[in-house]
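Only one chain comes next, encoded as structure tokens, the form predicted alone.
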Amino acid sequence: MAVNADHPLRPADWVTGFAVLILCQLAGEAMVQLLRIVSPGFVFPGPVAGMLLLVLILNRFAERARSTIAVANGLLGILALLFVPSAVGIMQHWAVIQAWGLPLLLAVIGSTVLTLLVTVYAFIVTDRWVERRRR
């Protein structure tokens, strides 16, 4: 569906359109989580439920959905850009990853563990400091 170019969207329209997309996804996630409470074995992706909800809304209020459609078209236009950098990086440096994969993996694991330890230590020190200030 094309967006009418005669009446450009205001910044508030873009925010409204983006909010509709986010709220539909949130509603889909909420519906799926509620269904999981009723039926713990229920498996369905929340964003897909939100997308189905968005389709229903767009069918019902198509004449008012201009900003949502414009935002969706804009996001679809740049969607491929979000996946390209990591895939290109992996493909371009595949030989390096093969040669240095184990050391890289150990470095990532070691730095993650070190980060967690420093975070826990900082939390403990801050908690003790806050507790001393309360007394």
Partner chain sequence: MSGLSGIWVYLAASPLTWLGVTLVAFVLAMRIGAFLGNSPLANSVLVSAALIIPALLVTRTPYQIYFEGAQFVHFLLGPATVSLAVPLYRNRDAVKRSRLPIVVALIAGALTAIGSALAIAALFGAPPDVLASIAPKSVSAPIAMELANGIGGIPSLAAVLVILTGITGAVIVTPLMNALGITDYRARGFAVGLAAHGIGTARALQVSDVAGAFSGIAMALNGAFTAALIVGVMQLL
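Residue numbers count along the first chain shown, from 1. Whichever C-alpha set is largest while still superposing within 1.5 Å between the two forms counts as the rigid core. Here the structure is a predicted model, which means the values were calculated and not measured.
Although not depicted, the form predicted in complex with its partner chain is the subject of the following passage.
Contact label in the predicted bound form: H93 to its partner chain, heavy atom within 4.5 Å: Result yes; H93 sits at the interface with its partner chain in the predicted bound form.
Partner proximity in the predicted bound form: I69 to its partner chain, non-hydrogen atom cutoff 4.5 Å: Within the cut-off, so yes.
Heavy atom of F18 within 4.5 Å of its partner chain in the predicted bound form: Residue-level check for F18: yes, a contact with its partner chain.
Distance check, M51 to its partner chain in the predicted bound form, heavy atom within 4.5 Å: Yes, M51 lies within 4.5 Å of its partner chain in the predicted bound form.
Residues of stretch 75-93 in contact with its partner chain in the predicted bound form (4.5 Å, non-hydrogen atom): Heavy-atom contacts within 4.5 Å come from L75, L76, L79, A80, L81, L82, F83, V84, P85, S86, A87, V88, G89, I90, M91, Q92, H93.
Per-residue C-alpha change between this form and the one not shown, A65, threshold 2 Å, rigid core fit: No; A65 is a residue whose C-alpha shifts by less than 2 Å between this form and the one not shown when the cores are overlaid.
Large Cα move at I22 between this form and the one not shown, threshold 2 Å, rigid core: No, the C-alpha moves less than 2 Å.
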